[in-house]
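First comes one chain, alone, set out as structure tokens in the form predicted on its own.
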């Protein structure tokens, strides 16, 4: 088949690669001049295969009123009709049963993603700073640490504050400032933007892939209630099937196709700080209370966080960037006076935090979108599952949890 992939972020790029690998001819279409121009460029850099819990949960439901009040950890919200509808679905997903369903589905997809990334790198050498650095989650409140305590069969270890500081010497916290941590040795870090750049270059060398960058995507072209093409500012591009991977833009495109896709943009921020003379971070670190992550990227540290609901504005907030700088100084002793790269991106979130992978209500359009804050972690597994379903093969992990039909 000839397949058009809409979007050249990490989800679109991996979709294009896995579909071409399966023997399809692929046209990759994006309005930007290069790959990973938006949410994939400077994300948190953590490949968190074991940390896949959804945002919607009974605990979040209890915390939500406090998170909406002004303060350092407050969520910034600008209400609109789409957010209200999304929010009602989010509240319905805040049940223990739904959390269990989502966690099981995400763990399976994350494990598939880890294996598929490993398989890809066995065939194609890509250099993007991938490292099994291990992940340390630091908890400032004893109650949070106790609630997150893993099962005995889990691969994670519970550490005292002193053990956390011995494991990660770059931490500048005092032992009395936090309750302890949970360490998972198998977790990885990697620069998603660099991965996208190199995979894009490899796609450009394939005789099965056509790159149509700087191509603004318009409305679908349909015939007999099937999508057969896409309007662009470069003319109509036809294909046998299209894969929608437009990130936060997927909802608007779905609306033009006549159906609702419950995705809302959740704005995150990051800074990348040159390490300079500071001790290099050895592991990836998550400050659970502040919802800020730190990842070592070889000579630099990526600091990322926040989940704001403010529509489609991608301008970095000066206040959020300042918070990240202060957090880096407080937690790691990193002074961000020079060599700082600020960034903001929109994560395409579904109410239950699961991506949407599967056929759409419009024949000829397949969905692979809505990975939210786990786009980097789930990308390769989502691409594998997409290729399986497109070809009618046995899914490499359970597919039903990711179907659009779950939203009714």
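The model shown is predicted, which means the values in this text are computed figures rather than measured ones. Numbering follows the first chain given and starts at 1.
Below: the form predicted in complex with a small molecule, not depicted.
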In the predicted complex, which of 208-216, 77-85, 235-243, 136-144 comes within 4.5 Å of the small molecule (heavy atoms)? 208-216
So which of 358, 364, 351, 375 reaches within 4.5 angstroms of the small molecule in the predicted complex, heavy atom to heavy atom? 375
In the predicted complex, do 12, 247 and 343 all put a heavy atom within 4.5 Å of the small molecule? yes
Does the 4.5 Å heavy atom contact test between residue 170 and the small molecule in the predicted complex come out positive? no
Determine whether any heavy atom of residue 59 comes within 4.5 Å of a heavy atom of the small molecule in the predicted complex, and answer yes or no. no
Can any non-hydrogen atom of residue 304 be found within 4.5 angstroms of the small molecule in the predicted complex? yes
Would you classify residue 37 as touching the small molecule in the predicted complex, given a 4.5 Å non-hydrogen atom cut-off? yes
